[in-house]
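Only one chain is given next, in structure tokens, and it is the form predicted alone.
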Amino acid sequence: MKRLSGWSLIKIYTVLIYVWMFTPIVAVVLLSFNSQQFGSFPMEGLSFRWYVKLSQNASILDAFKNSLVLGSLTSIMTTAIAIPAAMAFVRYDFIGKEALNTLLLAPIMIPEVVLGVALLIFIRWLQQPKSFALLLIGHVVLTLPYVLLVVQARLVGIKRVYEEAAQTLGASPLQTFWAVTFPLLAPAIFAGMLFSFTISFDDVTATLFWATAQNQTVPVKIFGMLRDSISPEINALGAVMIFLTVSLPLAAGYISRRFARGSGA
């Protein structure tokens, strides 16, 4: 019998890990189409029954609305901060540059539980109640490092000769940014916005500390439904969340690569 090489064992082990990781996800998607009240394999029939019930659930629709509004505002605010910050870090030198850059990127290295508790303690110290504004600030802090890294990586690849040529022809720094730099940065900006939206939309760990009863997001709603009872609607809701959180980053990566190749910068 031929002995397996070390690389073959690593490949088999890797495949088994992926199977272990993705089997529950596949099971959730399949059970979302189950016609019966209780999930079991093999399924007795296929139905969109739970998706219909999901679309008629007012509390879940409210959670979806909160998540969409929160994710959209988070992506806009995060991008508005990340663009000038990336320009400053890549194009200019100033005192405290490395320290400030590290500070803005720090949330990516800190566990979300720690961030959630820290911000909650901070607002309690300020004697401020939990609100949608607090939730938005928390999500901006949480997603800013990802957008900043994407924009910085793209900005490093943009040659300064384009900007210098525009300024040589009489363009001001602001005109140079809008006419030259921004179009070249657009793929990274759009990709960063999609990543920011996805992270905000999908976050549950930190949001549990910041959300109020009136501002519950979809992941928090799912967590509450799982804690109270097991409903087939959870499978349908989980399938929708899986589709959104997988498709958006893939779309962001595809658009970023496609426009990056097209720009030739």
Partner chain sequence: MLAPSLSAVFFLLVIPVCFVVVYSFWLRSPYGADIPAFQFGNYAKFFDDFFYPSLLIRTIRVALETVALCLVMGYIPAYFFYRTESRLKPFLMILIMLPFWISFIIRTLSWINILGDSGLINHLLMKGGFISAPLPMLYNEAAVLMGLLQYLLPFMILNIYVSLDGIDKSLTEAAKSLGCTEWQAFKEVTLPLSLPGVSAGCLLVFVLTCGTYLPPMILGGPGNDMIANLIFKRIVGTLDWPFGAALSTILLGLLGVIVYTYNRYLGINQIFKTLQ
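Positions refer to the first chain, counted from 1. All values derive from a computational prediction rather than experimental measurement.
The next section is about a form of this same protein that is not shown, the form predicted together with its partner chain.
Within 4.5 Å of its partner chain in the predicted complex, a heavy atom is found for not a single one of Tyr51, Val69 and Leu135.
Taking non-hydrogen atoms only, Phe209 approaches its partner chain to within 4.5 angstroms in the predicted complex. Although the partner is absent from this view, Leu31 contacts its partner chain in the predicted complex, with a non-hydrogen atom inside 4.5 angstroms. Put simply, Ile60 is far from its partner chain in the predicted complex: not one heavy atom of it is within 4.5 Å. Although the partner is absent from this view, Leu73 stays clear of its partner chain in the predicted complex, with no non-hydrogen atom inside 4.5 angstroms. Interface residues of 9-33, taken as those with a heavy atom within 4.5 Å of its partner chain in the predicted complex (partner not displayed): Ile10, Lys11, Tyr13, Thr14, Ile17, Tyr18, Trp20, Met21, Phe22, Thr23, Pro24, Ile25, Ala27, Val28, Leu31, in sequence order.
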